[in-house]
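One chain follows as structure tokens, the form predicted on its own.
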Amino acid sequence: MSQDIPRIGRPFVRPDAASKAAGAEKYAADHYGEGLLWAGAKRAGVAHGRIRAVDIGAAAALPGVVAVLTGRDVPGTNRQGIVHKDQPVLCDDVVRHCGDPVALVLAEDRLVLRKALDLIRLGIEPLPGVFGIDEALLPDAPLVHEGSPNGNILLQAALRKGDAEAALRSSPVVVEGIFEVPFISHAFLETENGVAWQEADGRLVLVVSTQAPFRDRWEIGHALGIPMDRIRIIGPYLGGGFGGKDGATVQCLLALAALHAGGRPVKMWWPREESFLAGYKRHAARMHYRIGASENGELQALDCRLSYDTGAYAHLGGEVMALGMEHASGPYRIPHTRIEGVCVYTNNPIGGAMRGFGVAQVSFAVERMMDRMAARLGIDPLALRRKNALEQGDTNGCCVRLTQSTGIRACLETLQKHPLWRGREAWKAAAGPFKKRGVGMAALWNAMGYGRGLPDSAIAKVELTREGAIRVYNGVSDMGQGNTSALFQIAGEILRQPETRIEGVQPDTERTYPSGSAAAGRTTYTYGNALIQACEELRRRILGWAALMLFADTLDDLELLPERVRYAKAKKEVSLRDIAAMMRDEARVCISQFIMPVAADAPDTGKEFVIGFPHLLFSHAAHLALVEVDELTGAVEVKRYLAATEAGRVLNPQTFEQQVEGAVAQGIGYALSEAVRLEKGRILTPDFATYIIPGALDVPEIVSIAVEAPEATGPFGLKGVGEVGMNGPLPAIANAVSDACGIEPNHAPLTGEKVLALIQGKGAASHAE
């Protein structure tokens, strides 16, 4: 570790880098325990059906099996879910997708567990299912949730600004398009897992791979009828999350297992195939757009209808749709909008949170529409975007005035000046035989935080240890995005201590304080602001105690330095260790809370959204993709990629660039290969042999340029950078393919088969492909 003080704005190697590289860092998957039991779920294997019988006799009789549990053994409500409690821990009467758990087995080892799961016999009477958005909306469609007053509709909403229909009628130029994206998987390295046990006093302890440890207590408590203060959640570093661990996965099952384990630790660790089967997915969506503009390229109106498939349970389906609707107009000034949305239940896998939460889908649609509009008008696509780019003080597409830093125009100008843009025509002309080259771009924005109606709060705790070191108690999970690095930098900057004198505590509901989920681009913003306040208070206390020990009349003459305080006038110093020894325990700890500000004026639209609308803060980006298409196979190769990103001030250039590069790599998979293929709710891509994510050879050199526009409310001017980069590759690459081949790729992913079919004039392949 470095002896340098981690400073704001300078590259700083992650404090966890060495331990992770050496394999010494312990993830949840690395936790076991003496006398360990293994738990596993028997999955339905049927997309929709009524449970008539669950025969556990043979499994329960198998030597080495400790318990076999069914829905009747769940002591609480047996329902989990972040907003809507509609997902059973163990299904008790109906199964609604193939990955639904019906029974839970505890066994002495994994071999016995596997045998026992095979011995359970399920008697499930098949019910008619619904497997698509249109199907779910038919008047006589089978209901995924019997008795639902809204049929298969989870949420239906509308945003209106001005008179979109009249404005479209009067617009000289109108373009229209329909776009579709499939379910995709998070495909994180560390699959869903954890270990749990019951203490002698009855309390439950879980070490789990989670993005929301404090909310997990609430989910488990509600589902199993256990008071929250009887549940402790420990959240080590995650081996990836991307939203797929924002919500209960193994948590309730593990807690239930621990209640039947006699105090022994129980481990559940989904293999990759189970992660595909039962884990959350990015929502499949269809988007129908119409955009009108004047002859000089000023956008006049937007009319769009967004349809999301949330699968078998609500999870965050309504909230994902709400954010999609909020971003449906893109980072553009449009005076008239009508944005309608519907989110439906089906018997498909469960849709949930994923990086670019609802925004990645609509970015594809609106950015394809901008290129179509540019082509119709004969205007350069970048010039069209610049002409209509939102600026601070403008009102966005859902009637919210932008009062905070707004950097989309600066991102577009950065892209415009770059050699990759300026030299694009020469680059395209140099394509080899049977190759076509194209260049495409996308303008992007992504809201930060939970939005109005759900307090976005963090409570930071910092301690001067008895050894004179600084200890930061981090309540927000670090799933690889590097927020721990930023917290070290904040503490180092304010308290002037080197990295070797700063310690970090990862989320633990008994040691840290509730600080929300690692999600929504809010992790460092919210916790960082709380930590600044706590560190500044600790700094004042350290200097105050030093003044007593050094006989200084005023704090102004004292300087906080690594491991000591100096009183220059008297040429005296005192060590932090000695100061800590003088302080009482409560004086060495500072705790502070920060709540993210929200938009001051709620718009008179979107009343259907109970929480999460609208947002105050947005990050921005402009992406450029240079692609080469094989005319013989349709295969698309991304040759170069540029991302200009505005996310406030950059605290750590190294982690900033890593976030951008990671998001672009993930977005390339969304653009070119990733799709959860389904047949009547059954997953046809259950592993990495069939579900194709990009490898190192598929990701080109990525040029990342930070466009700094410090945010007045951010910690040292920061905004969130984690999500906005995910939204760009699909539209930028699709626009580049269109530029190369003169085709209209409107269905993701852009596989070779689809692109070749379009080149040959056979139209887009089906959504399922």
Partner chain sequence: MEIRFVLNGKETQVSTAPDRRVVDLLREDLGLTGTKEGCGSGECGACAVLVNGESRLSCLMLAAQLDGKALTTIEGAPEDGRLQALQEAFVRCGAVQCGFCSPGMIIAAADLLGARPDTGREAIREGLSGNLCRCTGYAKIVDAVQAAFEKLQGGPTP
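Positions refer to the first chain, counted from 1. Remember, it's a predicted structure, so these values are computed and weren't measured experimentally.
The same protein also exists as the form predicted in complex with its partner chain; that form is not shown, yet it is the one meant from here on.
A.B. asks: Out of E744, E708, D55, D30, which one falls within 4.5 Å of its partner chain in the predicted complex, going by heavy atoms?
C.D. replies: Here the answer is residue option D30.
A.B. asks: What is the one choice in G202, G695, P172, P227 with a heavy atom within 4.5 Å of its partner chain in the predicted complex?
C.D. replies: Going through each option in turn, the one that passes is G695.
A.B. asks: May I ask you to state whether G662 is within 4.5 Å of its partner chain in the predicted complex, using heavy atom distances?
C.D. replies: Yes.
A.B. asks: Is there a heavy atom of W269 no more than 4.5 Å from a heavy atom of its partner chain in the predicted complex?
C.D. replies: Yes - in the predicted complex, heavy atoms of W269 and its partner chain come within 4.5 Å of each other.
A.B. asks: Can you tell me if I591 lies within 4.5 angstroms of its partner chain in the predicted complex, counting non-hydrogen atoms only?
C.D. replies: Contact with its partner chain, no.
A.B. asks: If you check in the predicted complex, is G23 within 4.5 Å of its partner chain, heavy atoms only?
C.D. replies: G23: contacts its partner chain in the predicted complex.
A.B. asks: Could you tell me which stretch in 246-254, 606-614, 649-657, 571-579 has residues with non-hydrogen atoms within 4.5 Å of its partner chain in the predicted complex?
C.D. replies: After filtering at 4.5 Å, what remains is 649-657.
A.B. asks: Of 468-492, which residues get within 4.5 Å of its partner chain in the predicted complex if you count heavy atoms?
C.D. replies: Going through 468-492 in order - heavy atoms within 4.5 Å of its partner chain in the predicted complex - the hits are M479, G480.
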